[in-house]
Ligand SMILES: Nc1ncnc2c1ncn2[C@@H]1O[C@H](COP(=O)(O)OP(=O)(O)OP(=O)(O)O)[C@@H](O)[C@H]1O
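There is one chain below, alone, in structure tokens, taken in the form predicted on its own.
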């Protein structure tokens, strides 16, 4: 029995609401399971690609499939298997929810009403918070947390949920060094210990370079795919980030210096 690709796109094209092309001629295939990174500069269509394969945006040409499921015709099935951490979460900070309430949402939202947290739900939620070193804030009001702490809680909410694919849209953006380290460590450990694929949009490959198996390099179309080291190619980087992009090799490491993302590195 053959395993369906994690993602399969064929001649995909997507427009912004104003009619401008966000993605065009996007064709690629990523094996399953994988820890995958989608990288590219701001405005390159990374988040649009996520929303398209989640069925939140419909392509006007071509198709994209997730584990063999069509993003338009079978979006409901796709969403059941996906845990999603959006770039800007819609939780209203004026609502006095506690950290435990946020993480338990990852369990309760996939249940049929009436939704009550079982002892097993609480155990899984607490374990997820421990993964990102936030268990001590179980009863803390969510609005009181720093930006980095909030992001760690949202990652914990996804870890506490169920589904074979974990999707994160810029989970490290705007986080402090401690939160970034905690999130990266938790994702690496979770991928290693569970039969779960991870798809992460990021402008900076550096923090996750040792964890990532497949990289999709986007600039409104596919510029390159492959292992991190092969994508960190001087010509590919210049096509995406411009002539100022530089690859520096030192002691077996490859560094990509760009104005957009600072330094990306791969062993």
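Computed from a predicted structure; not experimentally measured. Residue numbers count along the first chain shown, from 1.
Beyond what is shown, the protein has a form predicted together with the ligand; the following relates to that form.
In the predicted bound form, the ligand sits beyond 4.5 Å of every heavy atom of residue 249. Proximity of residue 121 to the ligand in the predicted bound form: non-hydrogen atoms within 4.5 Å are absent; the residue sits far from the partner. Contact check for residue 65: every heavy atom lies farther than 4.5 Å from the ligand in the predicted bound form. Interface residue remark: residue 209 is not counted as part of the site for the ligand in the predicted bound form, having no heavy atom within 4.5 Å.
Exactly one listed residue, out of 33, 59, 41, 228, brings a non-hydrogen atom to within 4.5 Å of the ligand in the predicted bound form: 41. Checked against the ligand in the predicted bound form, the candidates 127, 87, 194, 146 yield a single residue with a heavy atom inside 4.5 Å, and that residue is 87. In summary, the region of this chain contacting the ligand in the predicted bound form, judged by heavy atoms within 4.5 Å and restricted to 237 to 245, 41 to 49, 65 to 73, 25 to 33, corresponds to 41 to 49.
Of the residues in 157 to 186, only 170 comes within 4.5 Å of the ligand in the predicted bound form through at least one heavy atom.
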